[in-house]
Structures are given as C-alpha cells and as structure tokens.
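Just the one chain here, laid out as structure tokens, in the form predicted alone.
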Amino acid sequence: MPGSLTRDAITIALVTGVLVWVLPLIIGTYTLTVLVIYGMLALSLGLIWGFGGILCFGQAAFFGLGAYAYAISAINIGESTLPMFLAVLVPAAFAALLGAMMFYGRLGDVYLGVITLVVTLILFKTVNSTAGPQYAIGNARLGGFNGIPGFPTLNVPGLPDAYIWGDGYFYVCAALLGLVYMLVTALLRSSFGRVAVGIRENETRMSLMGYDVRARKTVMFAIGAAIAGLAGALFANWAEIVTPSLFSLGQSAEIIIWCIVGGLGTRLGPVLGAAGLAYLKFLLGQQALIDNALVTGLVLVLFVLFLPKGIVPALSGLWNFGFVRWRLPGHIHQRRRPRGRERTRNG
C-alpha cells in the first residue's frame, strides 16, 4: 500500500506539472484559475457522494461559507494566511454539526438531500438580507445582495504586501488542487476510505461488523465541506468579491451536474466534468443566441441517456476493452502451443 501510494503521488505530481506547463499555452491563466477552483469544488462533492454515498444538495453552502469566512476575516486581520485556514475550518465545523444531527438522527437519503437544500436556501436568504450598516462582523460589512468587495487577497505568508496574483495565483491554485487530489487518494486508500466505500455499498452490513457508521459519515461529510471551503476561499481571491449568489441553488445544481457528467465513484471524473462544463459555459457566455442553462440541461440529459456512468468510467471501459482485445489473441496462442507439443509427444 505505501509503495502504491508513493507511485500515485509521483504520478499526480508529474501530471499536474505537465498540465500546468501545457494548458497556459492554450487557455489564459485567468480562465484556467477558475476552472481549477471549480474542479476542486466538484472533487469535494465527488468524495462524499461518489465514495461516501452521501448525496448533498448543499455543497454550494460550504463553498459560500468558505468564501465569506475568508473575506470577513481578511478584512479584520489584514492579510490572508489565517483567513485561508479559517475558510477551511468554518465550513468543516458547520458540516460536522449538521452531519451529526442528520446522521445520528438516522435520516434517510431523501430527507438528507432536502435538509441540505433547505440549509443552502436559508443561508442564501440570510446573507441576501444583510444590506444595512448594522450587519457587520468587526470591520467587515456583509453588504447584502451587493456582497463584500475590497478585501485583502492572497499574499505570501508573513508578507502582507507581497500579493500573489495573475500567473502566480494560477500556479498556487493548481498546486493546491494537486495536493487535495493527492490527499483524497491517500484517504481513499486508507482503512477509513475502504470502510467509507463499504458503507456506501451496504450500510447495514458495515454497522453489523462493528463500525460506527454515523461517525464515519459525519467525518466524511466534514472533509468534503473543508475542501469546498478551500475552493470558496480561492474563488473569493480570484473574483475579489463575494456575493450571496455563491449560495444559490443554481450553483448547487451545477456541482451535481459536474459530478454526474464526469463520473461518480472516480476521483478524476468530477474534476474533468467541472472544468469541461465550466469552460463550455464560458464560451457560451460570449454569445447571446443560446441560453447557457439550456445547454447545460441538454448535456445532462444526453449523458444520463447515453453515458449514465460518466466520461471517465466510459473511457476506462473502452480502454480495458481495447486492451483485452489486444492481449486476447496472444493468450490464446500461448495456450494452444503447449497442447500442440503434447500432441507431438503423444504421437
């Protein structure tokens, strides 16, 4: 297992390095940065849904909490190091409390989805109605539907005036995505990850085997929220403003679509689905002939009908099919040769 994990880490580092070197030659780093952030956000849902079996309709809530936690703390602190940690810890703590109430309350999947959806709506409505000057946390005014602009963006730790932006910020986001991907891989290869997959397949059986299913689902839920919070903080630094639209139902729906199109139960699928669909939306946003939501819905319908498992599982199946067909004649030939020699000896 350690050797396999080391090989995975080397592969992830090499692939990340090659993509960081090649992709800026094709697409601008400003656009690539948001695609990387969306890929991290989709990976957070892909972890808890694809491997933990927890369908969350409120991943945008953790995304928005991370963004707002960063913006508010950055205004009050004046630099970005501690706010980045708070952007991870605040959504994780919120998800741990919410998850404990849901999982220890033995709610079914349908009720869990409804509650996460309602929580997202509550946060959207609450943040949207904080337009008055009395709604402030320290020096940070929440701003209501106008959001919070003008907060300090990412800087070199310990150097508040050394801001990271442009191409450098893209490299930071890409490195963080590679690091999160590596940590998710290590988590899934650990005993905790294998038990989580077992819970996804048969929760009752894993409970009878002595595992605390509710505690493990709560931890998995919190880890997914922490990753979404990190993506939210990175998005806040990219956009340089946070608004209540981060909590919108449209954002939540897009994250689910990214995971379905890319492929549930895979690590790479949600990342590719998010990057591909977000870039398609970016291209469509430059014209007014076709509605973006219509195209996104059409893509989802087509994938559900013709590629229900998603892009990555389909490509993996094609690769395995071609590999088996390429190896099969050789195996048949190797099996027939000893039989021919045996017949010669017997003759």
Partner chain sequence: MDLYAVVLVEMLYGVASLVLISAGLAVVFGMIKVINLAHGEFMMMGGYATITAVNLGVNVFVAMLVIAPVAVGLIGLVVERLVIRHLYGRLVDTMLATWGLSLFFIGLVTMVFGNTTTGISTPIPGFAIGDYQVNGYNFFIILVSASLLVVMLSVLKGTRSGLIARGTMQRPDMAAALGYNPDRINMATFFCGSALSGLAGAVLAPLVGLVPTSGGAYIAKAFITVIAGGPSLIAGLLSSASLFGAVNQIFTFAISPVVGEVALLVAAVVLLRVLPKGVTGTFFKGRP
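Residue numbers count along the first chain shown, from 1. This is a predicted model, so every value here is computed, not measured.
Unshown form predicted together with the partner chain; subsequent notes refer to it.
Contact between M220 and the partner chain in the model of the complex is not found at the 4.5 Å heavy atom cutoff. With a 4.5 Å cutoff on heavy atoms, I260 counts as touching the partner chain in the model of the complex. The closest heavy atom approach of S252 to the partner chain in the model of the complex falls within 4.5 Å. When the partner chain is considered in the model of the complex, G105 lines it closely, a heavy atom lying within 4.5 Å.
At a distance of at most 4.5 angstroms from the partner chain in the model of the complex, all three residues V110, A293 and L298 contribute at least one non-hydrogen atom.
Only one of L183, A136, V156, V114 lies close to the partner chain in the model of the complex, with a heavy atom inside 4.5 Å, and it is V114.
Between the options L121, L272, L179, A96, the residue in contact with the partner chain in the model of the complex by a heavy atom within 4.5 angstroms is L121. Proximity to the partner chain in the model of the complex, taken as heavy atoms within 4.5 Å, picks out 96-104 from the listed stretches 73-81, 159-167, 221-229, 96-104. Counting a residue when any of its non-hydrogen atoms is within 4.5 Å of the partner chain in the model of the complex, the hits in 45-74 run W49, L55, F57.
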